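A lone chain, given as structure tokens: the form predicted on its own.
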Amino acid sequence: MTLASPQPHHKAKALRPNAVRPAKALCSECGLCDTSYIHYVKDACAFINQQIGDLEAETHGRRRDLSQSDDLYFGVHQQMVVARKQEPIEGAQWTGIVSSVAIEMLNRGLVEGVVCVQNSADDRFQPKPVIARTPEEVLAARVNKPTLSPNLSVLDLVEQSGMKRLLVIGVGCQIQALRAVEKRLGLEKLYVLGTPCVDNVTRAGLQKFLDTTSRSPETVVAYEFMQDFRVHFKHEDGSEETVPFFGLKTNQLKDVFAPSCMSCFDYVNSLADLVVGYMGAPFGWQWLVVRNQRGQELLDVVQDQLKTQPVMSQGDRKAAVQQSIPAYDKGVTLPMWAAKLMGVVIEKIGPKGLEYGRFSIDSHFTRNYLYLRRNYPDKFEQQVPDYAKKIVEQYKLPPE
């Protein structure tokens, strides 16, 4: 975003590391409170002041059209496409599209720095937000960190550096806070590359998930919940392990996800310029959503490195979503043989492409709607966007 009229930044003292955050239990640890921008947190925080509709209009030039299915589900966009790199980056989460965009933006001088997340020296899953200035520093950030990450904690460093053109990579709650303060960053140009995000955990929560799900939790280097209804784990030796969704120990994992993630309705990162994820693509491909002209500029720098194909949609998600509501609510866990069988059947006849994306959104939105209604009834009306209410209305929920 070109920021023609920057606003003054009224600095405040950042909170101490162990201080209670303004969002309290719903804090997603986005990092804003770790900076002098904490002054704006009551307006900017996604869990104190949910304002996706207003920020969509400001960022993209319009709000999403709730009467149009793709807008309703996937947000404001100019185009959606499916892609993968012709020559994948070694060690990337998938083929390395996100890293490639960031590297090209730096190499072409379109930005001076990239806010991304490396890992700490002693823990592969402990996030370490940085401002990368070289391709090597970007590549050191490849692979998702599936834990709460304070990406915005580097905002004061952006100001101190004097840089004027910046690319920020982040997830929905981080980007909503960023959009709320971007005019105060002193930038001439801001690009935002977002990833879809759901069900993050604390580092302790991640360890519990790995310990209860993987055959070798100490060697996992990356994992993802994928379109084939399996969790895919990558291990240090290059091997891959898959576990069917329906075989997860839901009764043990039901409370492992962060309360912020259980109260979030921005799975698709509505306020990013370009979104790169897997949820609306066939297995083995990535789903790219261009939301505005800046998003098109981000895609353009890697277009010649990609294989692309049109988005597709197949199957019907609604019965599967309706069945998942009580199953999750009651913490049902199937025997592994039954879970594998169900996974095979659903993979063959279940939703694919954009319909899989809608399945994932529906199942998480209905779950989060119930969680918020039960645990934070005073926040319910303000926290649930209109588009989420419209999506949830399609299903029969347990009585209050």
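Everything numeric here is computed off the predicted structure, so don't read it as measured data. Note that residue numbering follows the sequence shown and begins at 1.
The following text describes the form predicted together with a small molecule, which does not appear among the structures shown.
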**Study point:** One residue of A180, M105, C264, I169 in contact with the small molecule, assessed in the model of the complex (non-hydrogen atom, 4.5 angstroms)
**Key:** I169
Review point. From the list F74, Y191, Y278, F209, which entry has a heavy atom within 4.5 Å of the small molecule in the model of the complex?
Key: Y278
Point to revise | V158 within 4.5 Å of the small molecule in the model of the complex, heavy atoms | key: no
Check your understanding: Is R142 one of the residues lying within 4.5 Å of the small molecule in the model of the complex, judged by heavy atom distances?
Key -> yes
Review point. Would S270 sit within 4.5 Å of the small molecule in the model of the complex, counting heavy atoms only?
Key: no
Point to revise | 4.5 Å heavy atom contact, C116 to the small molecule in the model of the complex | key: yes
Review point. Counting only heavy atoms and a 4.5 Å cutoff, which of 92 to 100, 301 to 309, 182 to 190, 314 to 322 contacts the small molecule in the model of the complex?
Key: 92 to 100
